[in-house]
Ligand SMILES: Nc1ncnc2c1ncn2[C@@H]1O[C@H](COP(=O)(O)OP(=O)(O)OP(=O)(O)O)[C@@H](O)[C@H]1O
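First, one chain by itself in structure tokens, the form predicted alone.
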Amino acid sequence: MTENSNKNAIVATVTSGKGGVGKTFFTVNLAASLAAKGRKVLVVDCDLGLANVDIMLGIHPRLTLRDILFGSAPAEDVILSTKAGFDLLPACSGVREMAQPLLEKIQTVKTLLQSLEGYDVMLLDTGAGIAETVLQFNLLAPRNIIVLNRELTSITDSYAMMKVMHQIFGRDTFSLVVNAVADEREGERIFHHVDGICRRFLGFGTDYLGLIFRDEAVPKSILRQEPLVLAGPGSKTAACFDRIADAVCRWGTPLPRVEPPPGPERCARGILH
């Protein structure tokens, strides 16, 4: 892995079609697993209106992404080192101006990410759904990880997100993670169901990044504000994250060049049709 260069950094968003499927839990534990493998990792909380990565880690940041976008704080003053071994660029919660930032502010985030040096992996934890802000943040990275579970609404909303991103922005590379499954067979069944629909109606297949087992220790680790992979490194769930981290390490995709995002009129028209 190249040192002190972002040109070879792996950059991916972690997103979901609907909320409540364990997206942020996945982001935190994947980042901790990557850090345990010696990777220099940055997590960027891009769920700007309802940020919660800091809460999941028990961190109380003095400065957030808001101070960069709407103030004059330099990134090095905002980025925090975490007990899980990775760095965090936190956002804030319950602030109206951050809930629907202007497109140029999102572009500022992209330019910021390209200016940061020394990271092997950048994970952008976005909001859920197909709101304009979520879609634009998903365009900041060449790879999109979609977390879903067995619920019908999660499956249908995940497909809807991929459909919108493909039809409007031409995206056709998505990596799926099936969360809270009873066994490997269930995870594979859900993946093949979604993948089959994408192949039939959208004309492309998806990548099966892996599964996360249903585990009673998950809510306990969240309450303790400690990543599960650190609290139970020998568990089956930790092994799932270890395998996914290995797969992510093999990606090695550079950040795309900065281009102006499409205007709101085009995006709105595409979503409605």
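Each residue number is its position in the shown sequence, starting from 1. Note that the structure is predicted; figures quoted are calculated from it, not measured.
Same protein, other form: the form predicted in complex with the ligand, not shown, and the subject of what follows.
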| property | result |
| --- | --- |
| Exercise: L63 in contact with the ligand in the predicted bound form, heavy atom 4.5 Å | no |
| V218 within 4.5 Å of the ligand in the predicted bound form, heavy atoms | yes |
| Partner proximity in the predicted bound form: T24 to the ligand, non-hydrogen atom cutoff 4.5 Å | yes |
| Exercise: Y208 in contact with the ligand in the predicted bound form, heavy atom 4.5 Å | no |
| One stretch from 151-159, 115-123, 77-85, 177-185 that, in the predicted bound form, holds residues within 4.5 Å of the ligand by heavy atom | 177-185 |
| Sole residue of L69, A36, A238, I222 within 4.5 Å of the ligand in the predicted bound form, by heavy atom | I222 |
| Answer option from L42, M56, I244, L230, heavy atom within 4.5 Å of the ligand in the predicted bound form | M56 |
| Heavy atom contacts to the ligand in the predicted bound form at 4.5 Å, residues of 193-213 in sequence order | I212, F213 |
